[in-house]
Structures are given as C-alpha cells and as structure tokens.
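There is one chain below, alone, in structure tokens, taken in the form predicted alone.
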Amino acid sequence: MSKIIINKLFGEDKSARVGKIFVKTGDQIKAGDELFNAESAKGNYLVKSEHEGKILEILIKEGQQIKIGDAAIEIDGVKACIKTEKAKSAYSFGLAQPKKENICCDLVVVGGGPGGYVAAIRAAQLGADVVLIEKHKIGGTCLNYGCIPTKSLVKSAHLFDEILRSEEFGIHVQHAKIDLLKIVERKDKVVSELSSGIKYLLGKSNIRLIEGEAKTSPEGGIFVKNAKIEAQISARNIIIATGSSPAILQIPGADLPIVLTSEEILSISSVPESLAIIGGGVIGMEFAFIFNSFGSKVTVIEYMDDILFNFDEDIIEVIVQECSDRGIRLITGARVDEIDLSDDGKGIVAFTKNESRCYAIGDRVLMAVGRKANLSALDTEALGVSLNERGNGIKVDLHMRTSNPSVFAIGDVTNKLQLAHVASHQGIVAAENCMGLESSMKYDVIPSAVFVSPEIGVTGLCEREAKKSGIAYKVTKFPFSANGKALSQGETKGFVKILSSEEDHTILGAAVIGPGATDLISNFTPLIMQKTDYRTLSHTIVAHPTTAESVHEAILGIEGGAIHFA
C-alpha cells in the first residue's frame, strides 16, 4: 500500500485547486492514466499516474486547495516505470554533445558515499536495477576527506611517535624527520585503491554509476548531466545520500587563506610551525594529535566546558592529561569571535573566555566545528520531502522513509548520527525497504571510535546518559597497566570500562580507552544487543598475551572476579 504524492503542478506553481477528478475508489489504474485536473491562475495541469494498482481511497476533493507534497490517492500498488527510447543525438559538426537518454530503473541513489554505494549494492543483491549518481568522488567524505585519509595520517603520526620513543625499546634512531609530501602521497594512494575497489564492486553488481550533479527534474524523477550524457531518470524509489560539508563559523576572517577546513588540511604541503584549531570535538582532537606528532605547536579552542564533551569525564581526563604531557594547549569555555592576520601573515584567533578578550596564534587555523547536512543538493520541496523539526536534516522514520513514501534518505543528510558506519547500515535498511522487506534502524547500541592517542571506543549506554536518565547501573574498570601485552608494548594508559545492570545481569554500555580501543570495542556491541547474561561469559577463554584479555577481566570484575586487578 502506498500513496500518490503531488510532485508537479503547472509551471512553477507550488499550489493549485483540484478541478475534475477522473477516477474513483476501486478503479484499477496504470502509469500514464489521467487522475485529476489541477487549476491555478497561471494555468491548468493534468495530473497523471506514475503508479499501477487498485485505488483504495481518494484523499482529495474537487474544489480543494492542494500543494506540492500533498498525498492525493491511496493505492494498493507500486510506482511504475515507463521505459522510453533513447533520444538520438544531433549532428554536432565535430563538437561532441552529451547524449540524451531516458533511464528507467527500480532505484536511483543520489550520492556515492558510505551510505549511498552500500545502499546501491544491497538493492542490487535483492534484484533491483540501480543507478548511482555521484557528483564528486565515489566514496564520499568518508573515503576522500574523512575516515580513511585521516587514519592514514594517524598511522604516520603514531609511527613517528614510536620512532621518537625507540630508545626505550633498545633501538637508536638518528635524524628522523617528517616528510609531509610523502605522507600525503601515501594517503592519496590508499584512497585511490579503495575508490577503485568500490567501482569494481559496483560493476560486479551491474550498478550503473553516473558521475555528475543530480537535480530534481521538472518532469518528476532525477536529472543528471555530464560531458557524455544528459539523463532523465525515472525510478520507483529514490534514496537521498548527499552527505554533509564542513561547517564554517560565520565570523569575520573565516574566509582568510590561512583558515582551512578538515578537508583542505589533508593536502597541505608542509607542517605548520603552529596550528590553532577551532573546535575540540572528535575532528578537532584527531587533527590536534596528528599535527602535534608531526611537530606543530597546537592550540585547541573549544566553546563547551570540555573537549570531547559527549564522552564520560574519566575518558576526557585521560585525553586532557595526554594533551598536557604532549604540550597541546587546550582552551575550553571559549567563544571564538574573529580571525585576523598579523603583520607576518600568522592567524590571530580572537576569543572570549570568562568575559575577557583573549588571543591565540597559528601559522594555520583549522575550522573544526562540525558538519552540516547538504540539504540544497536536491529540491526537497519538489520531492515532497520534509525536514526535521530543527530544519537541519531530512526527516525520516526508522525505515529511513521520508514524508514521500517513494523517497528515502540516509547518512549525514538526515543529521541523525554523522558516522560512516551508521550511514552504511541506514543504506542497507533503506534498500531492503525499497525492495519490499521490513527493516528498521536501532540507534541504542552504535559503536563510536576516536583516533586520538590513546584511542577511544564506546558503545551502548554511557555513564553521562545513565545519570541523566536515572538508570540504575554499576561501573567496573580494568586498567591496561595490568595487562601483559599493553605493558610489553609500552602502552599502559587507559582502561576498559563496563556499565552493567545487576537486576538482569546484562551489560548496558562499554568504553575502552587505550591500545587498540577502536577494535576492542566491537567485542561489546553484540553482548549489549543480545542482552547477554554476563555470568555466562566467565569461562570464556581469551588468547594470551593480548589486549583482549582486558575486556575479559573487566567482565569478570563485574562480580569481583577479575584475576589481575584487585
């Protein structure tokens, strides 16, 4: 059962009056059948069906005022797709012209990031004919400007840190230095290999990839044009996966050339002597540690009272102490007011803290104040798609369906949780619902990883949330300083932390900060999701020596059974 949504009226009309209705309840209709007239001062428009099936209810009346996005008819059927012939290209007198093409498919996905390309592949696995549109680079922000390139830099930073500590391990290294051009070159190679891999998978799944900027077509559907084709795409369903872009504070000096976004800083050619970072969230802190390792004098200016303010206090304390040990300057509870240039070309960041005017200096300034959904990528109003209450993301239900039942939205554009793995799973859920399966999202047990030093991984309920919600919980910790492998590697900072319920003997949430935390946290996600009784885990045998023993010891510690920590 679905609804026929009004997505086109006369010319640029957004509203009209219902004229003659040509169908009635019980009628069988097919694509192209005339449904009703829509009348406005500018002219009349004959609304035709894009669906096929049996009419269950007429939701409009003659004389009623309607607007784009309103539901007109409830139907027991599906959106149809009318195949048309490819238009013949005209003789171009030696100049290549884009080939006009009408494409009919089951699903068109707009955006080829970790949500979009995963959705496309999953739909293809279920038998859909899929078109994927990407205007920039396949893989989206995650592959090209986020998760993957930053982790490539993190590896270089960690390796350099270890080289500088090598004498602790009996190894003498002289004249070690950073070659940022080589680091960036390696990063680009990693990105290129993964991008090629995604394109290979799309090809194996018979997904048509069109590179170009998607537009909402006046005729309905999606229009895309590049140097080779000019395509009008008609599909039963649309998945919007247009992602997000770096947010920029609207302050004087934000457009100065020394001010960089998290995307632009990935390609700089030399390590700045000093770096001022506006924003102490995940993005800002990851870059703070990277460039501190590379040799920059780093200052972080954060509006909230804590860096990484969504995390528990004991985790923040470890990172704050590490920043102090490394010489990373943290300024919290500060409002950045403007950015100016000094006489020698350095950035001067002016901020207010405790009602006093203060300044920070940086050869470069990194703007790391979050990301904003790319809502203008498509005309959501023309598609009959509503935004959320705050107007900063597309409104979706747990099936990833928008206010238009034929249109789905996934990833950062929904502004639910801006995490690549969330986008990917939302893509799977959306694709399965497009293909008639019943799938829904659950947001209560989603792991999160932060690649600072030491690493952070969290999943499930955190202590901050538990206190706020009044949920009864018990905290158990096991320190990495009591783990054999961590000690042998010289990485003893941090701990494994578990929040548990004594009432039903289940794990509510977990956090790991320390060596390999971003991998270790995955041990807890299925235990929380499946509400596993932690008492059944006491006889699990974990390989020795591994950092995973710390996870087991923390679980044993819930009932006072930890062996290597009292």
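Position 1 is the first residue in the sequence shown; the rest follow in order. Being a predicted model, the structure only gives us computed values, none of them experimental.
Below, we turn to the form predicted together with ligand NAD, even though it does not appear here.
Note on the interface: of 403-411, 382-390, 364-372, 183-191, the segment with non-hydrogen atoms within 4.5 angstroms of ligand NAD in the predicted complex is 364-372. Contact annotation: of the candidates 205, 418, 489, 433, the single residue with a non-hydrogen atom within 4.5 angstroms of ligand NAD in the predicted complex is 418.
Shown without its partner, this chain lists 221, 457, 284, 139 as candidates; in the predicted complex, only 284 has a non-hydrogen atom within 4.5 angstroms of ligand NAD. Taking non-hydrogen atoms only, residue 149 never approaches ligand NAD to within 4.5 angstroms in the predicted complex. Under a 4.5 angstroms non-hydrogen atom cutoff, ligand NAD in the predicted complex has residue 303 among its neighbouring residues.
Looking at residue 156, you'd find every heavy atom of it more than 4.5 angstroms from ligand NAD in the predicted complex. A residue is said to contact a partner when one of its heavy atoms sits within 4.5 Å of a partner heavy atom; residue 467 fails this definition for ligand NAD in the predicted complex, lying far away.
Taking a 4.5 Å heavy atom cutoff to ligand NAD in the predicted complex, the one contacting residue in 238-255 is 249.
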